[in-house]
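One chain is shown next in C-alpha cells, namely the form predicted alone.
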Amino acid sequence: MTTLPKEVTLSIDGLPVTVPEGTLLVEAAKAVQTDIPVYCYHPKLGPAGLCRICLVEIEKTPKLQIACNTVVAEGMVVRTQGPKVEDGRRAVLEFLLLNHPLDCPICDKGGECDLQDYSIAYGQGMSRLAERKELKPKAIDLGPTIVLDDERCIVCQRCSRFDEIVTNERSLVVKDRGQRDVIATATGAPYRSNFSGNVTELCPVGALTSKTYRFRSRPWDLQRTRTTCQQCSVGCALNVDERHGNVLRTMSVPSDDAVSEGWLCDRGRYNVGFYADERRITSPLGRFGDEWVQLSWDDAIELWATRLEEALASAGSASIGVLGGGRLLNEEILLVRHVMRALGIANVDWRTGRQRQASPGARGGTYDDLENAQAIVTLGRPPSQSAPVMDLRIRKAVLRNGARLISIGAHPASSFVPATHLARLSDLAGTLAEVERIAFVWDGIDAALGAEAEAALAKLAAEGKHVSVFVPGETPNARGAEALGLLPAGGALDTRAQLEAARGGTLRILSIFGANPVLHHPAGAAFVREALKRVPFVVATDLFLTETGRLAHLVLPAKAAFEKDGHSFDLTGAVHAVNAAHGAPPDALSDGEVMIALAAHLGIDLPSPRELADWATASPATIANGLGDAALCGSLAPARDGAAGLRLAIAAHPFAGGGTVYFDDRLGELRPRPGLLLSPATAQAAGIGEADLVDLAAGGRVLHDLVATLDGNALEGVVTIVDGLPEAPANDFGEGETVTLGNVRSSRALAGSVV
C-alpha cells in the first residue's frame, strides 16, 4: 500500500498553502501563482543556493532566506514582497551587474533574459561603481554548437550542473575564482555532447549562445508553433521558431514531462538548416535517359498513374512494389495503404533499413516503466545511438533510482553511467534473480536475438516479475508504419524480396516514400543500385536527390516534418500531434497530398477526413506476439561467414545519414567522419595507432581510408563503424561479420572522435 506524503500548511503573502512535506519554498509559492525570481535554481536541477536573488522574508527569522534551498515547515509565514525583500534583491542585482556589460540591444537573450527582467523589477536606476567595468573575453568558441560571452556570465552554474546532474558527462566546469571565473571544459577540449544545446536554454542570461541562432532574430519577431520532433522515435515535444519564412531555432517544451522532461537532443534542436537549403527539390523531376526535366504536378501524377495502370493490365499487382513509410505521418501511412490496397498491391514494406520490427509486443512499456525499472537490458544498438532523450531516462534510472544497466552484444551501452556488458543473452541467466522490475530495450534488428529475448521475457514474467519492452525505431514513425499496415500481407514481398524480384526482372514499378534503401538497406548499396536500375519505372518522394532518388525515373518534392499537419506514434505507442510550423516550397506536397492526387486521377474513393483522423489517433495494434516475431521479420540478408577473427559492429549515430543532416551544412562539425573504433588492445594487436588510416575488408568488399579511433570502452576483438555515411556506406557489410584490417597509414593530423 502506497503511503501518501505528509502535508504541510503555511502562509505565503497572506494566502494559506498546503503542500507535501519537503517542498521547497520556491515551488510552494507557485501554488498561489507567485513566481519568486531565480537564476541558479531550476526544477529539474534542484537547489544550488548560488545567486541569492530568490530572497524572501520568513517570520521569526532575523535574516532574509533563499527560497530555492529552504524547505517548507508547518505554520511558516513567508513574505515574497515588501521593502526588506526588495532591498535584498536590489543588493544582489547590484553585485551581479557590477561588471556586466550594457549590451542588451545586441545580446541574443534580449527580450527573454531573466537578468534584464529582474533588473527592471528590482534593480536600481544606475550603477554606483566608480571604476571601469572589468572586461572579460567575448565570443569564446566552446564547441561545435556553442559560443560563450564570458562577460555576461553570472556563474549560476546551471550549465555545469546540467552536465553533471542530468547527463552525468561532467564536461563543463567553472575554472578560476572570483571575477576571473569562466565556464570551460574540464579537459580543455571542445564541449561535445548529444545534449549541448540544452545549456543555452538553461542559461538565464546571454552568456551561452547558439552558433546557429546567434544574431539572427529577436524573440518578439518569431512566430512560435508547438509540434512533435520527427528526428527519431522518442516523440519529444518542441517549439519551432520561424521568422520571415525561415526556421531559426527549435526550443524545448518544459511541460513535456511525459516524454522529454523538457530536454532536447542536439539533432532535434539543430537539424533545421536543410529547410532553406538550395539543393532541395522544389518541383517534380522526370528522368529521361540521363537528362532530368522539370514537370508540372499534373503531368507527374498522370505519368505515375499511367504506368501503374499499364503494369496492372499487363503483369498484375504482383509486379508493383512499395517501400517506405517510417518517415511518414499516420495519416499519410493510411492513405498510402488505402490507395495501394484499392489497386490490389500487397508488396508493401516500411523496412528499408536494418530494422525488422518496431512493435514491442504485448509487454510494451511506458517511459515511466523504463525510468522505474530496477534493471535495464539493452540488446543490440543501445538508445544512446538512436534515441538520445530515451537514453537520458536510462541515465536517470541508474543515477537516481539505482537501476542496473546491462548491455548485450557487440555494442556497449555508452550511457555515461555504470554498465555491465555481456557477450550473449544466455549470460544474463541468474543476474536478475533479485530484481522485480525489468526493462528490455531491443533495437529490432537481429530477429534471432529478438526471439531468444522473447523466450527469456516469458520466463521472467512467469516468475512474477514485471517486464516492459521497448523497441526504438530506426525511423521516426516506424511504430506507426508497422501498426497501420505498411507490411507485406498474405505472402507478399517484403523489401529484400522486392529488390530480388527487381534484379530478376519481374518488378515493373517501385514506389519509394521518403526512404533511401541504397544507403541503408543491409542487402548492400551495389545490390540495391542494380535492383533499381532494372526496374522500368521507379518513383521516389523526398526532399533531396539522395542516392536512391538519383536512380528514380520520377522524383516528387515532399514536405518536411515542420511543413505538414498530422499525427505520429512514439516508440511506446503514444500518439502525438504534428503541426505545420513552416511554409513549404510552393510546389512541394506532403506524401498524403500526393496520394490524394494519385487517387483522384485513378478514381479511387478515399476515407473522409474524420475517418482518417480517427484511425490516425487510435491506439496502435499490438501486431507482434513478442520480440523477433517470425510473421514480421520476413526475409533476411544471408548470413555472413562465421570464421574466427575481428567481428564487425555497425553503430547508429545521431548525425549520420544521407538526408536532412547531410544537406544541413551547419552541422559539419557534428557529422562523424568515416572511421572505425576499436579498443587499445585490439588496435595494438593489429598495429594500428590513433588517427591512422585503415582499410576494412570482408569478402571482397572494402572501405578505404577509415580514420582509427581508440577507445577504452570499446569491446576487445570488435571493430565498430558508423551506419548511414554516404562517403563510407556500411550497408555493404553485415553486423557480426568477420573483417580484416589492412593498409595502415599514419595520419596524426586527422585525430578526433569518430563514433
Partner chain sequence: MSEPSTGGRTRDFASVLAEVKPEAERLLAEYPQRRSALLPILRAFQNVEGWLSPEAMSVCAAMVGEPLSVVESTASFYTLFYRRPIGKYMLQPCRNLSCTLRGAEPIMAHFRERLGVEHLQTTDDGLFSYEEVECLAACDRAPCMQVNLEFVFDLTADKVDAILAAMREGRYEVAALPQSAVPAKSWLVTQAPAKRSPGALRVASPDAPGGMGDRSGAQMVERLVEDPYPVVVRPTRERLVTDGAALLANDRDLAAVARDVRPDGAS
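Small disclaimer: the values here were computed from a predicted structure and weren't measured. Residue numbers count along the first chain shown, from 1.
What comes next is about the form predicted in complex with its partner chain, which is not displayed.
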Looking in the predicted bound form, is its partner chain within 4.5 Å of a heavy atom from each of T185, L693 and T720?
yes
Quick one: is D176 in contact with its partner chain in the predicted bound form, heavy atoms, 4.5 Å cut-off?
yes
Look up in the predicted bound form whether R550 has a non-hydrogen atom within 4.5 angstroms of its partner chain, and give yes or no.
yes
Should I140 be classed as touching its partner chain in the predicted bound form when contacts are defined as heavy atoms within 4.5 Å?
yes
I'd like to know if D711 sits close to its partner chain in the predicted bound form, meaning any non-hydrogen atom pair within 4.5 angstroms.
yes
Please tell me which of S590, T200, S171, T475 lies within 4.5 Å of its partner chain in the predicted bound form, judged by heavy atoms.
S171
Tell me, out of A581, A501, A311, A651, which residue has a non-hydrogen atom within 4.5 angstroms of its partner chain in the predicted bound form.
A651
Sort through 256-264, 676-684, 618-626, 313-321 and report the only stretch with a non-hydrogen atom within 4.5 Å of its partner chain in the predicted bound form.
676-684
Taking only heavy atoms into account, state which residues of 261-283 are within 4.5 Å of its partner chain in the predicted bound form, ordered by sequence.
Y275, A276, E278, R279, R280, I281, T282, S283
